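Quick heads-up: it's one chain on its own, the form predicted on its own, in structure tokens.
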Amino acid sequence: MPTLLERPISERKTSSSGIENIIRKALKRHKTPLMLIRRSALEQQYFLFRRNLPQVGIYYAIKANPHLTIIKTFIRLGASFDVASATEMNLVLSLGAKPERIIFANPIKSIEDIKHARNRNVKFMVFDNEPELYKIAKHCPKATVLLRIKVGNVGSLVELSLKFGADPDQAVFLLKKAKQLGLNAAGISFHVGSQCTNAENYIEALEVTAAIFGQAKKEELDLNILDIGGGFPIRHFDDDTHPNFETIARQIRIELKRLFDKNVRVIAEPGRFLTGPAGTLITQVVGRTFRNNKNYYYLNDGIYGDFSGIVFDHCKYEFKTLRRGQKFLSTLAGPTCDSFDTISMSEELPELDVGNVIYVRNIGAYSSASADSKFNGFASAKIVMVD
């Protein structure tokens, strides 16, 4: 019997007719707004990553989607986890994750959360500045730490080096300081930015990191862990033409082999890549009008709900309907009383009536995780797991 890694993985997505059949079945049992998460897609993305980067350990960044069943799925598959707070840490531990399979990857942590990590035996952490080292050394002595460095984020949907990352020329100094404080200065971490479609970001980051490994060795620092972060891209639109994950992964493999000793442990923190393609959001039209020479459709989900990724994730989505026919320029708005709650000003859609469905695929990451279910009393989408 083939192992899980040997199973063939289709790179084709579920057909439009297939997903629409799933939507129709779901609508018979559940009210909208509704977020469908396909277990099969979670598994497919996990093994797609394993197949293309077999030497890289997976630490799922649960901020992308912390739904209990998603986390349980990745525990079952053998993943480790990237957490940013004590709350996230408690969640994955309560579901069965082992403390040694957790990285506390937020470079800035409260003293209370560091103490909590020590008490829960989570002692693998990231830092990017000297004051953070003093906090960790005092409240979680002998922790294993990675220094996060600043790297290029050109072409990424969300630039993350604006907020985090030490300058590379400070790396050896900070790692030596970590060692002096009694911490296990184990390696380097970087993040090329979310939804990165520019392979050069990874290549340049790996070259910079390899140079730091070389400098550290001269200073008798034995670095043995490399964290290449997340940012691996997915398709949000059917006709996306940006470089796909397989292309970028191939270049990462080449650079890892060229630049690093085979004994270096390499890990990554994928979030969007694992859960994004698994999610389909189903909404319905609750009102319509004709304004500014366009159809205006008001949906029962919006910017304050599961389309929050438009604001917080800078994401664009492809809107589809179950209705066919001639398409017209249309505006989509959410259900709240805030005019900011406008989802899109220019979508080509068929003529729709109240009750008709509009759905979005590849929306399983960040959308529901950053939704505010309290504003104006409108609940975000119910998450339902399907096969």
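One-based numbering along the sequence shown. Computed from a prediction, not measured in an experiment: that's the story for all the values here.
Unshown form predicted together with a small molecule; subsequent notes refer to it.
In plain terms, the part of the chain that comes close to the small molecule in the predicted bound form, with a heavy atom within 4.5 Å, is 194-202 out of 288-296, 194-202, 236-244, 116-124. Proximity of Ala105 to the small molecule in the predicted bound form: non-hydrogen atoms within 4.5 Å are present. When contacts are judged by a 4.5 Å heavy atom cut-off, Leu36 does not count as touching the small molecule in the predicted bound form.
In the predicted bound form, the small molecule sits within 4.5 Å of a heavy atom belonging to Lys63. Taking non-hydrogen atoms only, Glu269 approaches the small molecule to within 4.5 angstroms in the predicted bound form.
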